[in-house]
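Take a look at this one chain, the form predicted on its own, written out in structure tokens.
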């Protein structure tokens, strides 16, 4: 007896509203799967995902590793004769997959919905505002600008971010565990395939897949600048922790300090990368699609983080306290937003895609 298909109309509308509004234009010519450079030869994507999305087959899509093997090169979107934009549709499905596996689920829904944008930002604003009130630092301090002593002590900031990191790690842990369980359901995959993990990490560090794109080949460069800018700033943060807690050296540190030089170079890399991301998005909008709210929220947060971080340093050096302290406050708020909501935003792509690639390599699904 053949399997009975039960379309989920609500899910179809969710895909359309999440950025896949061109879904209904697809008439299954398979051009998308033919031009894709990263799809496996066996059961290639994204044609089958377009069918499943049109039929509302939610369960088949959300746990499907192929939606994450897609790197949104947009070759499929550029060559689609109907303007169905398969790359944008798969992007919408990835967003819904993150929301589906999110824990707590209400946070996943809030981060993905523009109606809750102010509410999600209100959380860190209230947290840091309450801290400033408790410290009696709601007014602009006089004298030399010293963020750590006169405004927000580093141990207090660390305490807030440690709590946000724990929240994010729990969210990622539960979400990825749920996703891995669905991925491996009905298969013989047991435990953690370490060989596949190492191969995936190596590939990810080189951004190998992005280099196969044709229409948006310049995405590889912008993603590398952005990714390694993040890595550099993470190293800088660790370095600063060693200075503060290990050596008892208090900030601000001189610009000639190796940690400051490395941090500023990393910030410059991140700024270059995210600026290139914006330029590439706008340049390829007609052929590849301009992206959804989910995409631009993440881009906007990254851009705001790096610009407010650099401005905080510049305004401190220029001694403009009336601007420096508010900009630094905004910087703290946006950094909190990025990391606390990481399991629910597009930043989660890094973790879900890596998980899907590990599965694909371990099972032979990945052709590379």
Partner chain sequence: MAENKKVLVIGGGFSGLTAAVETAEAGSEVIIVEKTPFFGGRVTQLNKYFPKLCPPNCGLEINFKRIKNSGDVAYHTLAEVEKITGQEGAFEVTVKIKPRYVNDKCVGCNACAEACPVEMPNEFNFGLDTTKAAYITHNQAFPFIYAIDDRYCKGKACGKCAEACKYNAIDLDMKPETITLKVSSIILAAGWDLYDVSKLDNLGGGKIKNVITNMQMERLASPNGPTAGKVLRPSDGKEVKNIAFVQCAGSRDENHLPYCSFICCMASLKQATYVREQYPDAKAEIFYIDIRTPGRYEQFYWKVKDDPNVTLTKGKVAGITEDPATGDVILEAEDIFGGKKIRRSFDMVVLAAGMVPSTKNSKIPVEVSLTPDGFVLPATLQKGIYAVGTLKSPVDVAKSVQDATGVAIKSIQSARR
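Nothing here was measured: the structure is a model prediction, and the numbers come from that model. Numbering follows the first chain given and starts at 1.
Same protein, other form: the form predicted in complex with its partner chain, not shown, and the subject of what follows.
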property: Residue contact check: residue 78 to its partner chain in the predicted complex, 4.5 Å heavy atom; result: yes
property: In the predicted complex, residue 319 touching its partner chain (heavy atom, 4.5 Å); result: no
property: Contact of residue 82 with its partner chain in the predicted complex (heavy atom, 4.5 Å); result: yes
property: Touches its partner chain in the predicted complex: residue 58 (any heavy atom, 4.5 Å); result: no
property: Contact segment among 300 to 308, 321 to 329, 26 to 34, 338 to 346, judged by heavy atoms lying within 4.5 Å of its partner chain in the predicted complex; result: 26 to 34
